[in-house]
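Below you will find one chain, with nothing else, as structure tokens; this is the form predicted alone, and questions on how it binds or moves follow later.
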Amino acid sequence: MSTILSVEDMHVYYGAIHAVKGVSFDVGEGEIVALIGANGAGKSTILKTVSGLLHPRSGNVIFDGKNISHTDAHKLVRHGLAHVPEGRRIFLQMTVQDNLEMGAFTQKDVSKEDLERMFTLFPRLKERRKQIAGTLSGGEQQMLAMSRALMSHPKLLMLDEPSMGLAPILVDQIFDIIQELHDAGTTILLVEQNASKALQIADRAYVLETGSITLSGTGAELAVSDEVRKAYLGG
């Protein structure tokens, strides 16, 4: 299995605040790798730095064999990196289909096959394809954000807190879809506070505390770790 992403000794600051402290990890092609940890641990900052929204003060981000540590976000989409941010950030005044077509801006044409694939993955969106995105439920908006990212044919899909604010039944649906994407070969870097759900589907996972990685292992190993169970799984 070849490595699609390597983060090497990443240090990220917000002004004087040292938010990410020497983090290193990698993601192999076809894997789901999860970053878990409490609020403020640095998980979202890492995703923003990988996707070019922030830049590290030191360390390297290697994506698909290229050093992208100081590459701007819009260029990285063309390289095959898609980031679904916390809070979804869909175009609220546009229709569902228009949002999907915006996701395909790196492609020469919006293919009907791509749209149909999204509507197969997310049948709720097909029913609402002409609906204004701002009128969708939270779960539907999350599905739209994920499908919009997939329209760019990413080599790596990064998901930041996809279950946040959703009812339990919708959380299950979102994780079923993430598993389905994984089964179809999509490489996923997942940031998630719902550690139990994340570890169920992750091939490997890293635990973050105050900007540093404190534990790593397979999803199954961390799910039965006493330390993880006490801190994140209520065990």
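Because the structure is a prediction, the values reported are computed rather than measured. In this text, residue numbers run from 1 along the sequence as written.
Keep in mind that the form predicted in complex with a small molecule is missing from the display, and what follows is about it.
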item: Listed residue that, although the small molecule is not shown, lies within 4.5 Å of it in the model of the complex (heavy atoms), from I213, A19, A223, M10; value: A19
item: Contacting member of N194, S44, T187, S69, with respect to the small molecule in the model of the complex [4.5 Å, heavy atom]; value: S44
item: Non-hydrogen atom contact A38 with the small molecule in the model of the complex at 4.5 angstroms; value: yes
item: The small molecule contact at E101 in the model of the complex, heavy atom, 4.5 Å; value: no
item: Segment that reaches the small molecule in the model of the complex - one of 177-185, 44-52, 24-32, 197-205, heavy atoms within 4.5 Å; value: 44-52
